[in-house]
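Let's start with one chain on its own, the form predicted on its own, as structure tokens.
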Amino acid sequence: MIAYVIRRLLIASTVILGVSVLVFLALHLAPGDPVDMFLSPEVALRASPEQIEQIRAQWGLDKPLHIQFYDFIVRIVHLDMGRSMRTNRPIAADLALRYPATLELGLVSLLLANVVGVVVGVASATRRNSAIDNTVRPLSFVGVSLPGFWLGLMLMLLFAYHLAWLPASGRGGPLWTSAGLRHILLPAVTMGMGSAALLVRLVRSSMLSVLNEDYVRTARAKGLSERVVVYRHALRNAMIPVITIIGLQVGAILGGAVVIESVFAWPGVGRFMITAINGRDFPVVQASVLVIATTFVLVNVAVDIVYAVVDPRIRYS
């Protein structure tokens, strides 16, 4: 197991490096000069070519692309993410302030998605073709199809504007406080809705295939209660493909955070990155993508380890 984890971490490092290369090239090959965004229009009109070149040299933009990328990788190895071109603040300090907000939002939305997806999916499978199942199936289609930004605006319009039950935007503080819980509900539900609908469909399909297995019929023949048969015997084996999707949904939630954090003005890494993209703040965008990619890759390594915990038959050599 240890050797397998080490191999996966080595592969993960190459994936993160590849993501860094793609983001770096996409930013530097995009039209426009970051110096033009760095300077205000009035200052840009008065600045001489020598002053503009001096600014480019200050931020290393006058170097060839491969040298700029090499400098970026060297800084990352030394745990130095550089400074923002717009604020001149250390990027690591800004990310340290915003990453907990994104992690908090992602964990709450993932928890909501998993609880709703598993509970509703099991209920739909064990009551096949009932009123519950016939209601859940079309609703899961709708949940998968809804765009996150539109759903967020509709929830905001209903619960924040018309009913005035929840705040429309911002972060109210730590999750364990009343204000923090009220502020996180709308963005967390918005982010988790698509994942919950997908998990409902997957859990239902996986449970239906497992409930027809011989060992389930044997467990019922032994006189075990239906709750024990469903949750201890059937659900545990049905969770193998579900765990895979849960790991992939972490990436979808982290990617969706970029949009949802902008809609709800949530002070996380996604909103921080959108602001940097609009301002062509190359160092901030590169560092933000690197943090998100690293989180996603490490979660997928953890998912592979969870396989062996859920199913003792799985062993990594």
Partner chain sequence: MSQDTTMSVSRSGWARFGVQVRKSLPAKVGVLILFVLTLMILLAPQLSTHDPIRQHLRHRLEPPSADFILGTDHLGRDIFSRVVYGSRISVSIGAAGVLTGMIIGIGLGLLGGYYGGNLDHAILWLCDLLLAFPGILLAITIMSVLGSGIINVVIAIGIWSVPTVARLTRGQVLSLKSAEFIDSARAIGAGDARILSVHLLSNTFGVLLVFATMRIATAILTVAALSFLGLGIAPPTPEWGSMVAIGREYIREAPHVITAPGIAIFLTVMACNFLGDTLQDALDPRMVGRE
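Numbering follows the first chain given and starts at 1. Computed from a prediction, not measured in an experiment: that's the story for all the values here.
What comes next is about the form predicted in complex with its partner chain, which is not displayed.
- The candidate stretches are 231-239, 145-153, 218-226, 111-119, and the one lying within 4.5 Å of its partner chain in the predicted bound form by heavy atoms is 145-153.
- For the marked spot (T14, V19 and V263), a heavy atom within 4.5 Å of its partner chain in the predicted bound form is present in each of the three residues.
- Proximity of R127 to its partner chain in the predicted bound form falls outside the 4.5 Å heavy atom cutoff.
- Although the partner is absent here, A131 is not a contact residue: none of its heavy atoms lies within 4.5 angstroms of its partner chain in the predicted bound form.
- Although the partner is absent here, G60 lies well away from its partner chain in the predicted bound form, with no heavy atom inside 4.5 Å.
- Put simply, L181 is far from its partner chain in the predicted bound form: not one heavy atom of it is within 4.5 Å.
- The contact residue chosen from L208, L185, A123, I73 relative to its partner chain in the predicted bound form is L208, the criterion being a non-hydrogen atom within 4.5 angstroms.
- Residues M273, I274, I277, N278, F282, V285, V289, I292, A293, F296, V297 are the members of 270-297 with a non-hydrogen atom no more than 4.5 angstroms from its partner chain in the predicted bound form.
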